[in-house]
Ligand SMILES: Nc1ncnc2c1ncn2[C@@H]1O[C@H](COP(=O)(O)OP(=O)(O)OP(=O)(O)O)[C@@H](O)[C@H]1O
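Taking the form predicted alone, here's one chain by itself in structure tokens.
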């Protein structure tokens, strides 16, 4: 996997020391100082707690934890744009990162701009040089029972945290596949066009599959380090997909050629279907509850939540070891569905990780064991202040 050999050079965490928002969701303007370690946002439903996590999630490539169109992120009644600014403090000194869209430019992904220390960045991927962000939201509780597309998206975000080039590969593959699907829909028989597009799909598709397979291998090894009888059960993870099964046993160039041939031979079938039926866009992440030897999708909702938390924490450890940067964790409504024992275990693990972790909840009492060890802030419909 390209770019993952860097080893940690220090134990000092990178954390957001100041977050400023302009016309973001329900925040007209906001500027708050933040402490390293655990930060707890509490407040009523709809007060804007998750909006703060979403803003932080946009300090990394992609559309954030809600995957919302940028036009929906801009505050209603504003000029159609928004801005997020963060000051990072870490081992390399302070860094200023800003991102957002100008009014009228929020319709497309290309409208987003990123600035680092006042200079325009080449792309959103440049932010990965300074911080990594990992999140867990209530919407992800259905990860194991929902569509495969959700699991692919979850997996690809995990890959991106340790392999910054993965995002561009995925974009290139999607662009090529859209071009092929357009030719199929038009009934084109232009072999040269198909050959060119399918060659690109083979190259990028195999690279995507290889990166996913490597992440699963590394993450499985990290999960093995979890205590076998711990509060967050070990998961057995694997990939379901033709390319992913081949990349571990054959040379990449051979897998690329077989995939290219399969695409060429499948044109008539895909033309009838109206879309490309083979490739990494059809793969799936397979998860089993190891102690129960049971597919994750058949486990209780509580067991699924514990499995997912264990996977995310293992991935945070992996990211720290591979990139040299322990990620910032965003844990939305994390305490509500964990019993007291698992909450205590989670808080201890977060301290062990030495990461900045943002947690939300309607009841600050669920985080009472963190008193003196966390920053408590109350969110009240566009304002944020210390919890009294």
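Bear in mind that the values here come from a model prediction, so they are computed numbers and not experimental data. Numbering follows the first chain given and starts at 1.
Not pictured, yet referred to below: the form predicted together with this ligand.
Screening 75, 115, 85, 157 for any heavy atom within 4.5 Å of this ligand in the predicted complex leaves a single hit, 75.
Within 4.5 Å of any heavy atom of this ligand in the predicted complex lies no heavy atom of residue 320. Interface residue remark: residue 335 is not counted as part of the site for this ligand in the predicted complex, having no heavy atom within 4.5 Å. Using a 4.5 angstroms threshold between heavy atoms, residue 59 stays clear of this ligand in the predicted complex. Among heavy atoms of residue 326, none comes within 4.5 Å of this ligand in the predicted complex. Stretch-level contact analysis of 337-345, 350-358, 32-40, 66-74 against this ligand in the predicted complex, using heavy atoms and a 4.5 Å limit, identifies 66-74. Counting a residue when any of its non-hydrogen atoms is within 4.5 Å of this ligand in the predicted complex, the hits in 22-52 run 25, 26, 44, 45, 46, 47, 48, 49, 50, 51.
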